[in-house]
Every structure is written in C-alpha cells, then in structure tokens.
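In the block that follows, a single chain appears as structure tokens, in the form predicted on its own.
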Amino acid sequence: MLKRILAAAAVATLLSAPAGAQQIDGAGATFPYPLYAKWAEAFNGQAGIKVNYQSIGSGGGIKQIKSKTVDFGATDMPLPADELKESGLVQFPMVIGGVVPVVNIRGIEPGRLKLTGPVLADIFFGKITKWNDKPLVDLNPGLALPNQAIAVVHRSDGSGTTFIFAEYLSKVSPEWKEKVGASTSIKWPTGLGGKGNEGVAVTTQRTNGAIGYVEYAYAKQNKMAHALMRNRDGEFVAPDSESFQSAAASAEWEKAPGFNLLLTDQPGKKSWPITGATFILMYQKTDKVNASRQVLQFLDWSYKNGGAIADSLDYVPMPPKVVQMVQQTWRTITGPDGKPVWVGAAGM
C-alpha cells in the first residue's frame, strides 16, 4: 500500500511540473551552498524541478558558466560591468551573508576572542605566530590565551569566500593590499589549505591552535568557535543576521553597474565588517530557453518564499526594492527569437 501511495505521489508531482527538462544545473560559490541546498529541496517538493548545484567555489562557477556547461553560475566576487558585457552575461545578487574567523583553541569559548582587522591580517601574514603574542593579549585582557603556535587555515580552491575575506583585509591593511591583494585565488603568505568552506571547517576543527575563515552558516552548523571583530565604528560585534543586515543597510545597489557592490567594512555600530553578497550569473542570450526559464522560476520562488529558510541559517534576504531591480534585469534575458525568457510568475 505504501509503495502505491508513494508512486502515485511521484506521478502527481511529475504531472504538475512544467513540460521540458526537469533538472537545472548550477555551480559555484560554497558561501551560499547551505541555503541553496535547502531552497532547492523545498522548490523541488513544490515544482517537481530538481536543482543540481555543485558547490565548487566561485572561480569554478565563473569558469563553468563561461564554458556553458551549467545553466547558472554563482560567485561571491562580482564581475565588473566590462567583463559581463564581453562574456554576454547578466549578474544579480541573491542573498547576503557574512564570513567569520573561526578558531580551535582549547578553553576558548565561541565569541570570547576579540580581533581587529589589522591583527587578523598580521596573523594571516604569519607575523603573529602564537596565541599569547602581545597584540592578542592586549586585545583580550583577562582571557587565558595559551602559549601555542597559531595554525593558519585558508582555502586551496578559487573561492568567493576568499575574495570577501581578502578584500576586507585589503581595506584594513595597506600592506595586505600591496603584497597580497584580493581575488578568488591569492598567494597565501602562510598556512594550510582546505577545499571549500567544508574543507576549511574540517581542517580547523582537527588542528589544535588553528584559525580559519568560513561562511557563517558553516560555523553555526559545525558549532565552531567564532571570534568577535572590531568594526569600522570601533565596536566589537558578533556575526549574526542583525549585524549582516546592518552592514547592508546603506548599500546603494542602483548605483552599481551589474550590481557590482562590496559590503565589507561598512559603517554602523552593529555592522559586521566581513559581510558580502553572493551573485548569480546567467547568459543574456540563451538557446536553452526552457532551462533558463526554470532557473528564473527557482530564483523567483526563492526570493518570495525562501526568507524564513535564509533567516534560519543567518543569511539576509535581499530587500524587496532590490528584488524588483533584479527582475527588471531578468527581462533582458532573451531566447533565439529575441523574446524575453522571463514573463513573470503568472506566465510560468
């Protein structure tokens, strides 16, 4: 009896789904992966369309969309307007989140260790080498920091999480900006490499005295000890949806061609300094009309119905006015006949 009920349910789901391909493929940023996975599961349950998203890093996502091996790419490093035009791509923000320093120091509880941007840069430079070095002791009076070597953990793959982290360090450390800079892949002065947010999280957890950086959802899900950061207003703040929202509050998306906007080191007493948006990349002219339409159906569903899931993972949904701007961009995506692929939810 149970098998017949499940079979009937599967047939009903299939019949209710749009005609054509029932799977859309995307790849890229690991930063939003925990959220995209939850959205995809919920969307598939309602629309019968599977979203196959490969969490391979922003560099890989940019490469795959440019080679047309996926229906959409995802990146935390927004592409500049001239590169979008040259590649025939459109770009728009999907959600906002935060990158957080995570540590594995015996006896140090989450949210106890305080860091500043310059000190964080010096740790990742390899200049501050022990947890009881003077700059850390001075920032953390009363905290029993051990005489233990610091093990730096960073991404080994092309990563938008790295871009956000390094872009922040470039803003607060002139030396970092000059010698290392910010990109999805950089030449690290020191440290161990881990693939993906997952790899950095696991390596940090397995290495005593380690410090790494991950998207906040990974820190939260893995119950990792995060540090407090001193923001631009001089306040030590914790990472959460409120501090990410504060950082994004003054964002002027309408003034950013291709939505190319960075949210690191923003003003505001509650602002988390290592905040960033994650972006979707699609072709402006496409031969795969049905697949592109279903991608936009998934993204539209996520904007409209995914807020609670985003909140539960401490991501910040895009403001309604930005969603409206994004949907205007969708109307520039056309098929071979020159007609818009997106005609609104009613036309899906």
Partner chain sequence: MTGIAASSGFEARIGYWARSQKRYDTAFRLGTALFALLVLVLLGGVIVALVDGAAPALAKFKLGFLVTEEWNPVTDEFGALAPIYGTLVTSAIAMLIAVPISFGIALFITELCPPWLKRPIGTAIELLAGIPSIIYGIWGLFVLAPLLQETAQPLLIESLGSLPGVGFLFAGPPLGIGVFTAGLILAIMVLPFIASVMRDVFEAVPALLKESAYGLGATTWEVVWSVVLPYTRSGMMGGIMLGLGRALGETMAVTFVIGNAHRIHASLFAPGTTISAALANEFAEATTDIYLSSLVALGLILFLITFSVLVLAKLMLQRLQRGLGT
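Remember, predicted model here, so these are calculated numbers, not experimental data. Residue numbers count along the first chain shown, from 1.
Unshown form predicted together with its partner chain; subsequent notes refer to it.
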Stretch in contact in the model of the complex with its partner chain, which is absent here, among 272 to 280, 107 to 115, 155 to 163, 242 to 250 (heavy atoms within 4.5 Å): 155 to 163
The unique member of Gln91, Thr264, Thr184, Asn197 whose heavy atoms fall within 4.5 Å of its partner chain in the model of the complex: Thr184
Position in contact with its partner chain when the complex is considered in the model of the complex, options Val103, Leu143, Val180, Val119, heavy atoms within 4.5 Å: Val180
Touches its partner chain in the model of the complex: Pro32 (any heavy atom, 4.5 Å): no
Contact test in the model of the complex: Arg206 vs its partner chain, heavy atoms, 4.5 Å: yes
Exercise: Ile56 in contact with its partner chain in the model of the complex, heavy atom 4.5 Å: yes
Close approach of Gly191 to its partner chain in the model of the complex, 4.5 Å, heavy atom: yes
Partner contacts for 295 to 327, taking its partner chain in the model of the complex and a 4.5 Å heavy atom cut-off: none
